[in-house]
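Following this are structure 1 and structure 2, which are two forms of one protein chain, each written alone as C-alpha cells.
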Structure 1
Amino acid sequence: MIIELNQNYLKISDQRDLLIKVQSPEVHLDYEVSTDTRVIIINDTTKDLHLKESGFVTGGAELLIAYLDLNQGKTFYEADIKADKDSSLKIISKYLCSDQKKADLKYTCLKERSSIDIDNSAIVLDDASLELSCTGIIDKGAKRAKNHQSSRCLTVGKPKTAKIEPILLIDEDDVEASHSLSSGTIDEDVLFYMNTKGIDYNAAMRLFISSYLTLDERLLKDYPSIQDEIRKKVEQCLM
C-alpha cells in the first residue's frame, strides 16, 4: 500500500506493508506492532520537515523501517522505538544532504532476546550539514539481546558539517552489541576509471551517488515504479 501522507499523525498497529511518501511538514509515526511489518518512508519534499517516530515491537514480531531522505529543505528526524521480548527491529536509513539535516535516534532492547540492527548511510554535499546521533540501548534484564549499528558517510566538496555519533548504552552482561563508523570522500580513482569508459565526471558522480543511496530492490519489489522515481529524484538533487 502506498500512502501520500498529508496528515500529521499516523498510527501503525496491524500487519501492514506500507510505502509512505511524506507530504506534511510535521509528521509523527507511532508504531504498535505485534506482527511482521515493513514500512518504507520516502522524504523527497522541498520544504522543511520534522519527522518523529515512536513505539514498540512486541509478540516476537519483526519491524523493518527503511527511510530515504532526499529532502532539499531542512530536516529534523527523531526516533524512539523499543523492541520487547523475542522481537526485532531493523533500521535502514539513507540521507542525501543538500541543506541542514539533524537526526536524534534511539533504539532500545527492552527484554530478553530482543534484537536491533541499524544501518545508516549519508552523502553530504557541498555547503550542506549533517548531525546524526544514533543510540543503541540494552536495558537491564534484556539478557541475550543484540544491538548492532553501522554508519557510513561520504562527503562531496566542502560540507559545513558532517558528524555522525554512534552510541551504545548497555545495562546487561549477557548480550551482543557493536557499532562501526566509516567516513571519507568519493574515490577519485573510481571516477577516473568511469571516465576512461566514456562517462564524464558529472554523470559518473550522479551514478555513484545514486547507487549509494538506492534502496535494495528486494525492499521495493512490490513497487516497481518507485525505484526509477528515486533515481530521478537523486539526479535532480545533484543538478
Structure 2
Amino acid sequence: MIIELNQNYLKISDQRDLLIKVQSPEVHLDYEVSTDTRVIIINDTTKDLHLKESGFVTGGAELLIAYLDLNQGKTFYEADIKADKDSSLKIISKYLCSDQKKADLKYTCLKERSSIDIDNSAIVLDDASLELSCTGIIDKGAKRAKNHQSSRCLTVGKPKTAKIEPILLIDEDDVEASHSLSSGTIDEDVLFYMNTKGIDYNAAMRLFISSYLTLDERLLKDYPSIQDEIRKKVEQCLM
C-alpha cells in the first residue's frame, strides 16, 4: 500500500507492507508491530524534513524499515525503536546529502534473542554535511540478543562535514554485536582497476552512487512505478 503522508502523525501496526511518501515537513511514525511488517519511507518533501520514529516490534515479528532520502533540503531524522523477545528489526537507510542531513538513531534489543541489523549508506556531495549517530543498544536481560550495524559513506568533492558515529551500548553478556564504518572518497587503486576495464571516472561514480542509493529491487518489486521514480531521481543525482 502506498501512502502519501501529509499529516504529522501515523501509527503503524501490522500493516505488512507499506510504502510511505513523506510530504509533510514534520512527521512522527509510531510503530506497534507484532506481525512481520515492511515499511519503506521515502522523503518526498519539497524542502526540509523532521522525521521522528518510535515504537516496538513484539511477538517474534520482524519489522523492516527502509529509509531513502534523495531530497535536496535539510533533514533531521530521529529514531528510537525497540525489539522485544524473539523479535527482529532490520534497518536500511540511504542518504544523498546535497545540503545538511542529521540523524540520531537508537535501536534497542530489549529482551532475549531480539535481533537488530542496521545498514546505513550515504553519499555526501561538495559543500554538504552529514552527521549520523547510530546507537545499537542491548539492555540488561536481553540474553543471546544480536545487534549489528554497518555504515558506509562516500564523499564527493569537499563536503563540509561527513561524520558517522557507530555506537554500541551493551549491558548483557552472551550477546552478538558489531559495528563497522567506512568513509572516504573513491580509492585510487579501485579507480585504476575500474579504468583498466574501460570504466572512466564518471562511469565509476555512477556505479558507486547507484550502489549506495538504490534500494534492493526485491524490496520494491511490488512498486514498479516507485522503482522508476527512484531510478530517475538517482539518475538526476548523476547529472
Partner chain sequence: MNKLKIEDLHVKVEDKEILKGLDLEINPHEIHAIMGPNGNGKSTLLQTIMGHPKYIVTKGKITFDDQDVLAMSVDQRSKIGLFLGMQYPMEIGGVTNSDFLRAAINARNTENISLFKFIKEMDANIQKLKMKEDLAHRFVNDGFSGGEKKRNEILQMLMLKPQIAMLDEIDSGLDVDAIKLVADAILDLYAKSDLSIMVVSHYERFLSLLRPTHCHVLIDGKIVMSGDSELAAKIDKDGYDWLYEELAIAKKSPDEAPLVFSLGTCAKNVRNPK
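Residue indices: 1-based, along structure 1. Note that the rigid core is defined as the largest set of C-alphas that superpose within 1.5 Å between two forms. Because the structure is predicted, anything quoted here is derived from the model rather than measured.
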Report task. Name the structure that matches the description of the form predicted on its own. Result -> 1
Query raised in the report: Superposing on the rigid core, does the Cα of residue 195 end up 2 Å or more away between structure 1 and structure 2?
Result: yes
Query raised in the report: Core-aligned, does residue 186 move its Cα 2 Å or more between structure 1 and structure 2?
Result: yes
